[in-house]
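Given next, in C-alpha cells, is a single chain: the form predicted on its own.
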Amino acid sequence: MARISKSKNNAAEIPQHIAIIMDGNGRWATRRALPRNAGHAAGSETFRRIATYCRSIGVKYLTVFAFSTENWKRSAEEVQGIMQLFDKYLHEAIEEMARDQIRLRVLGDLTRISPELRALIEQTDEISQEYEGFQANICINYGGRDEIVHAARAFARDCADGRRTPEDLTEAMFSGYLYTEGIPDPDLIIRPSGEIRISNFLLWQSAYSEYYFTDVLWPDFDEAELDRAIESYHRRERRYGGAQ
C-alpha cells in the first residue's frame, strides 16, 4: 500500500484526532520468551514512531491509552517498569518538543503518580504551552468512568460555591470539566491486539468516533497498519445520528 502523504489533495481526509489503545505489549513479549516490561519498552518505541508519522501526514492530535486506573492490579515489578518508561520518555520529550514544536499533555488522575514524575509532567506541560501544531496526549492512570466522575464532582463543587447552577449544565460545558478540555473528540479510535472492546477509554468523547480493530500487537503496529486504519476511516460515512 502506498504511504499516505500530507498534501492539499488529501488534507481534508486525514482524521484530525486519532486515539489508540496501545494493547498487546505483554503478549508480544511472552511470545518471544521476554519479560513483560520488554514488551512495554518496544511499545514505547512504537508510540514514538507512530507519533512522528501522524505529525508528518497532518494529524493534529494523537491520544494514546498508556496506563489505566485498573493497571495498578498488575505486579509491582511491571508497574514500576512502566513508570520508569514514562520517566525516560518524558525526559527525552523535553528536547524533542523544542526541536519539533510538539505539544505534549498527560491526561488522567495524577494524584497516585510519584511526586517526582508529577513534577516532570508539570515541567513538560509548561514547556509545551509555547508550541502550536501537533499535540500528543498520553493517558496515565486514566479511566473513562473515573474521568466522568471527576468532572461531575468538579461541577458539583462549582455549584456548591455558587459559580454554577445545575440548570447551567450543557454537554459543551460538561466537556470543559474533562481531562480532555480544549481537545476535539477523536475521529478515529484504533485498538490493536485482536481485542474488540473499548476498555473504559474516552467514554464521553467517543460517542461518534469511528473504530478500527486489528489483530496486530501494538509493538508490531507500523505506519502501513496506520494507513490501513485511515483508509478504513475514509470508507465510513459519519452521519452523527442523521439520516443517510
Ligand code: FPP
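Nothing here was measured: the structure is a model prediction, and the numbers come from that model. Residue positions are given as counts along the sequence shown, with the first one as 1.
Not pictured, yet referred to below: the form predicted in complex with the named molecule.
- The three residues Met22, His40 and Phe47 all sit with a heavy atom within 4.5 Å of the named molecule in the predicted bound form.
- Looking at Ala93, you'd find every heavy atom of it more than 4.5 angstroms from the named molecule in the predicted bound form.
- Put simply, Ile148 is far from the named molecule in the predicted bound form: not one heavy atom of it is within 4.5 Å.
- For the chain shown alone, Tyr131 is not a contact residue for the named molecule in the predicted bound form, no non-hydrogen atom being within 4.5 angstroms.
- For Arg27, a non-hydrogen atom is located within 4.5 Å of the named molecule in the predicted bound form, even though that partner is not displayed.
- With the partner omitted here, the stretch from 81-89, 95-103, 150-158, 120-128 that lies within 4.5 Å of the named molecule by heavy atoms in the predicted bound form is 81-89.
- In the predicted bound form, just one residue of 137-151 lies within 4.5 Å of the named molecule by at least one heavy atom: Ile138.
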